[in-house]
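One chain follows as structure tokens, the form predicted on its own.
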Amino acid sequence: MSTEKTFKLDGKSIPFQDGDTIMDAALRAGEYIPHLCHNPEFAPHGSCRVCIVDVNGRHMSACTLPAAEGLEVDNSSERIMEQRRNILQMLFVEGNHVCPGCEKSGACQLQAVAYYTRMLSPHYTHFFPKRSVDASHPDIAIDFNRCILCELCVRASRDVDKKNVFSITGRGLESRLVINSASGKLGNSALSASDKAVSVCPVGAILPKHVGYDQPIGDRLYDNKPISVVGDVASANNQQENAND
């Protein structure tokens, strides 16, 4: 008699282990749930809400909800996809995203998730906030126009790099990413090009300098395969690292 614990995701039985979230179990089973702030290397955060699913009639974040037997999870209905599109549309208009001219186009998780959910227009009125670009660091530039406040760089710098270079200040529409240095500039911070915080950004906010368009459009991560097949940037990087070992 099997003692395997499972829940249902779009009618499919998904096995899970004690301590798993819905997201953990789904990704391990090869089932994609759209997400931006989630990274398997860090504790669940639940800030972006893109991983919203319907669980027994309630809307929940898949990255924070513990897996349990008997759950019926809707991950792909039109109702759920519409909710995700609304969230993504708000993310696009709250910043200044110029996908055709962005170095991360084709390898941007925000862009890829938007395509996956069929979000092809921003719908809402653009805010056009006045945000700066900080190129004071010799190796890294940060474009605050593209930041979606996922806090991945905050968590990576704090939990992995042990430097606390980044933090979020303000509330609501006044929330913004800040640099923890005396001048508030990246160049005066403890950030190094090899830091984990540099590589976890799912958009084009944190970029290496002196590189630019290192891969032509059409040859980038999500140009040939959708994010549901390739996975997120963290998973893709881990796969590449394993292949190089």
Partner chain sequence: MTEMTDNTVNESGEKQKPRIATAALCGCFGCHMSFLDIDERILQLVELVEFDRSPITDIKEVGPCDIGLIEGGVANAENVEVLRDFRRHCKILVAVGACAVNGGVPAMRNQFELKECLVEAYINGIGVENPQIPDDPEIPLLLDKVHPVHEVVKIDYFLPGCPPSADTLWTFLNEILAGEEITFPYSLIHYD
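From a predicted model like this one, the values you see are computed outputs, not experimental measurements. Positions refer to the first chain, counted from 1.
Same protein, other form: the form predicted in complex with its partner chain, not shown, and the subject of what follows.
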| property | result |
| --- | --- |
| Check all three, L120, I217 and Y222, heavy atom within 4.5 Å of its partner chain in the predicted bound form | yes |
| Position in contact with its partner chain when the complex is considered in the predicted bound form, options M90, V160, L173, V98, heavy atoms within 4.5 Å | V98 |
| The single option of N145, S167, Q83, S136 touching its partner chain in the predicted bound form, heavy atom within 4.5 Å | N145 |
| Exercise: P15 in contact with its partner chain in the predicted bound form, heavy atom 4.5 Å | no |
| Residue contact check: Q109 to its partner chain in the predicted bound form, 4.5 Å heavy atom | no |
| Contact flag, S76 vs its partner chain in the predicted bound form, heavy atom cut 4.5 Å | no |
| V154, heavy atom within 4.5 angstroms of its partner chain in the predicted bound form | no |
| Heavy atom within 4.5 Å of its partner chain in the predicted bound form - qualifying residues of 110-138 | Q111, A114, Y115, R118, M119, L120, S121, P122, H123, Y124, T125, H126, F128, P129, K130, R131 |
